[in-house]
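There is one chain below, alone, in structure tokens, taken in the form predicted alone.
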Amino acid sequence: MRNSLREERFSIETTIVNILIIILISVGVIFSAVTALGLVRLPDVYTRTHAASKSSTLGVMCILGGTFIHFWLLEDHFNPQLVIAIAFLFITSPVAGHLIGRASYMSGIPLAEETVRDDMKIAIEKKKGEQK
């Protein structure tokens, strides 16, 4: 009797963990698909960079999180490399997207016609005024 109760509890826990893994990986795939769609459909380098850095970061982090939980809770294998990869991706991807956008602006790549406001132009003019 006691062994069957333990097996039933283990089965419920495994089911809950599997549901969590499926949700995380599915959300990651959805965000990755949104990234691909954004790279194809958005009008200029600045909005494409935003799509590539923000949504792909979240998508890959969800996929890595689901993988980490799978191996840790179901396979009993703690993988610190996945934790390091998640932290590294969380720190570097948004910064790289920002720097690519800034370098594009400084290189003179024009904004899309739909752009409403150019805050960078104001900041650069203000900085040049302070230096004189």
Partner chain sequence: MMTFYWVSLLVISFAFSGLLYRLVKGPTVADRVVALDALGVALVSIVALLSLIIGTEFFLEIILLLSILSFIGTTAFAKFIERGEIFDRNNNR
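Quick caveat: nothing in here was measured; it's all calculated off a predicted structure. Positions refer to the first chain, counted from 1.
Another form, the form predicted together with its partner chain, is not on view; read the next lines as being about it.
None of the heavy atoms of residue 111 is located within 4.5 Å of its partner chain in the model of the complex. Residue 18 belongs to the set of residues with a heavy atom inside 4.5 Å of its partner chain in the model of the complex.
Within 4.5 Å of any heavy atom of its partner chain in the model of the complex lies no heavy atom of residue 73. Using a 4.5 angstroms limit between non-hydrogen atoms, residue 122 is distant from its partner chain in the model of the complex.
Residues of 85-121 lying near its partner chain in the model of the complex, listed in sequence order, are 85, 88, 89, 92, 95, 96, 99, 100, 102, 103, 104, 106, 107, 109, the criterion being any heavy atom within 4.5 Å.
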